[in-house]
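Given next, in structure tokens, is a single chain: the form predicted alone.
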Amino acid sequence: MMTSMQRVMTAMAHQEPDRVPLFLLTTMHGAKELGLSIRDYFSRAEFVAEGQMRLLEKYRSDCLYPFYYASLENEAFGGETIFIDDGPPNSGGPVIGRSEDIDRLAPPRVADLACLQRGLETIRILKERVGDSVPIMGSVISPFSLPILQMGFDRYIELIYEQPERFARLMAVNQSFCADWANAQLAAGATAIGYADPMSSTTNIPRALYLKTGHRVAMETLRLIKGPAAIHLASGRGLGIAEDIVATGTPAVGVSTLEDLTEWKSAVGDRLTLLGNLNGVTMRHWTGAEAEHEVKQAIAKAGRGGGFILADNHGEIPWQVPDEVLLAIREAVDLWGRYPLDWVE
């Protein structure tokens, strides 16, 4: 039987491993395993590392996912995080109150920030425990998407259209930080980086604007990251920019549950590995039979020939998804994900 690392690498080489790889991207569920609140869980690197290891043993996912929460990067720029008891931590007020603040903004130094050092220590602990047997997925928010947290969506859109020079300066600052943060995670032991870029999705902006902004930023930033970086549109649609995503050189893309895996596979062939696209929202209420049906459908659409990793469509499974559903997904992959997929018509 292959190790998780061998399974994932084989799939990403567009060959068929022993079975379809499964990325159960559970973050907050580690707090449940340790009996901690979400705030306390994310307060120490050792807690998150232990939570990830217990989740790995429980669900037999094919990756470790030491992602804390998106607001962590806003904290790096001086922002605050709001914790709740039953959901992901969210960003507090914007760190860019006025567009003029961008003129004085500087990229924070990763080495100076305790919040980021906790994340790096988590990766180092996990690397010591699993070596090269299990992929460790690091994460960054793209320079183009981070301003949604830094200044709010509406004011960011206005900046893009009305102040191109300040937009360019903000991208330069965020790009420097993003590359440093990604490379620090790779140096700590991360196997690859998830490049979260929901702003680039055609759910949010038209392709013409994407080509002038998010696409250019991604092309430049991915070249600065010293390891593989998979683009994830975090539930947003991307089929309309599939060729543009291929052109960035990324090896993989996260697919929205709003789009069809068969169409994606047809569009990109063996040029991208597809990651997705189970619906994390409806997953909260699935029965065991529904979980099996959804897994079987996804594998039937994208599993043949490799180039596919089964996962949720957002990059984070909600706190409310019960153990029974996650275990049913695991069992369905064991049942229907074994290669060759002779049952697929």
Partner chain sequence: MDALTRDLREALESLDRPRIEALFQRAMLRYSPMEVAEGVIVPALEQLGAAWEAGTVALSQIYMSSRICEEMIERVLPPMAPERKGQPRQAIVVLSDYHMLGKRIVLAVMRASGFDILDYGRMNVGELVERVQSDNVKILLVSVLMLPAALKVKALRAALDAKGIEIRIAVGGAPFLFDPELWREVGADVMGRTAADAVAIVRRWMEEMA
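Since the structure is predicted, the reported quantities are computational estimates derived from the model, not experimental observations. Positions refer to the first chain, counted from 1.
The same protein also has a form predicted in complex with the partner chain, omitted here; what follows describes it.
* **Proximity to the partner chain in the model of the complex (heavy atom, within 4.5 Å), stretch among 302-310, 61-69, 274-282, 48-56** => Contact-bearing stretch, as computed: 274-282.
* Although the partner chain is absent from this view, report whether residue 224 comes within 4.5 Å of it in the model of the complex, heavy atoms only. => Heavy-atom contact with the partner chain at 4.5 Å: absent for residue 224.
* Asked: According to a 4.5 angstroms non-hydrogen atom cut-off, is residue 158 in contact with the partner chain in the model of the complex?
  -> Yes, residue 158 sits close enough to the partner chain in the model of the complex that at least one of its heavy atoms falls within 4.5 Å.
* To do: Consider residue 237 of the chain shown here, and say whether it contacts the partner chain in the model of the complex, taking contact as heavy atoms within 4.5 Å.
  => Yes, residue 237 is a contact residue.
* Using a 4.5 Å heavy atom cut-off, state whether residue 269 contacts the partner chain in the model of the complex. => Although the partner chain is absent here, residue 269 would stay clear of it in the model of the complex, with no heavy atoms inside 4.5 Å.
* **Residue among 248, 202, 191, 183 with a heavy atom within 4.5 Å of the partner chain in the model of the complex** => Here the answer is residue option 202.
* Asked: in the model of the complex, which of the listed residues (43, 297, 37, 320) lies with a heavy atom within 4.5 Å of the partner chain?
  -> Partner contact (heavy atom, 4.5 Å) among the options: 320.
* Asked: For 79-106: residues with a non-hydrogen atom within 4.5 angstroms of the partner chain in the model of the complex?
  -> Contacting residues: 82, 84, 86, 87, 88, 90, 91.
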